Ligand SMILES: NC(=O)CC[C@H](N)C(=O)O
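The chain below stands alone and is given as structure tokens, in the form predicted alone.
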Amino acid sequence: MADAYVALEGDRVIEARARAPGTARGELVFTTAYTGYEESLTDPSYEEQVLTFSYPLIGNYGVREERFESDRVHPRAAVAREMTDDVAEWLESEGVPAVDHLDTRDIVTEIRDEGAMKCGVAAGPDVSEQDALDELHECKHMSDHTDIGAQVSVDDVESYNEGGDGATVALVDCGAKGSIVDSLVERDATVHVFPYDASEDDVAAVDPDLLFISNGPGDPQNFEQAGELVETYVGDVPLAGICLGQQVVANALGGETEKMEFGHRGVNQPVRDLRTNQVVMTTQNHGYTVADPGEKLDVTQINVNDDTPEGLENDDLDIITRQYHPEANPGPHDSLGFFDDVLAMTGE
């Protein structure tokens, strides 16, 4: 007898096995990554989502804290075909419901056909189908999480590698992965991590050589303060952005963003550089994209699968953004040179 249920839009309920108890709701999405489950589960960009792993076995190399991208698990619940005890126990310790023994191929196909959707999860010996349906009916659209930045950002400024010989970077934390800070510090940058709603005066206090807008969850239109910082600093200091950061920069400079049908989530997204015609494999995790870059930004890279913008630049204004994650852990590492290019702008 099932002791877990996943309720999908349209009130369809799927039976499953409970691996970590609890109830949850969120946008149901999937990742095609076949490794890096620790990184995915601690990626702040999965806030307010229910993460389905398309790879059939999750947990086959244990759980190691040094691989975490943040200090907690961010998806509201986790779904897998088979989940090892290591991962299940970790999720239970984090208070995150987890279920397995269901057909994840069916779920992935439904998301691809119908788009990312609201869902409810109920797991444990005392739950019922109605519990999952109740969660589903309380679930909000991602764009309605208007203050999602507060859930994933630092509360106060945090500084790394102070006194370094490299550039001074003001990183606006909209849900930044730890690997972004690591990649900058490895290049001897001093990194000041600011809350997602930092003011112009807050950032000006460190006299940055570079303004960097991080990745993060949800609708970029809800990160208005980060956009105002872009408007303030454009033309005065170089600008960079990753994932949500690209979308925030585009919105701030006259472009437009939109919700994707089911997004890009995985470690095998092919990206083509329009100048060199070179294709690199990238790690991605986003449900929104730049629909129109506006007049100030040029599209320099596109997704091979659907032609969505993967890189935006303006040489005159010293702007470089990427929709994917150049700092990807566990990989691929094809695009790590992004950080060298960004920091090179500070010396020009």
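Each residue number is its position in the shown sequence, starting from 1. Worth saying up front: this structure is predicted, and the values here are computed from it rather than measured.
Omitted here: the form predicted in complex with the ligand. The next part is about that form.
Student: Ok, G120, G218, P97, G241: which has a heavy atom sitting within 4.5 Å of the ligand in the model of the complex?
Tutor: Checking each option against the ligand in the model of the complex, the one that comes within 4.5 Å is G218.
Student: So the ligand isn't shown here. In the model of the complex, which residue out of P293, G36, G287, G26 has a non-hydrogen atom within 4.5 Å of it?
Tutor: In short, G287.
Student: Select, from the options 107-115, 244-252, 227-235, 204-212, the stretch whose residues sit within 4.5 angstroms of the ligand in the model of the complex by heavy atom distance.
Tutor: Only one stretch qualifies here: 244-252.
Student: Can you tell me whether H325 touches the ligand? I mean in the model of the complex, with a 4.5 angstroms heavy atom cut-off.
Tutor: H325: yes, in contact with the ligand in the model of the complex.
Student: Is there a heavy atom of S45 no more than 4.5 Å from a heavy atom of the ligand in the model of the complex?
Tutor: Output for S45 is yes: heavy atoms within 4.5 Å of the ligand.
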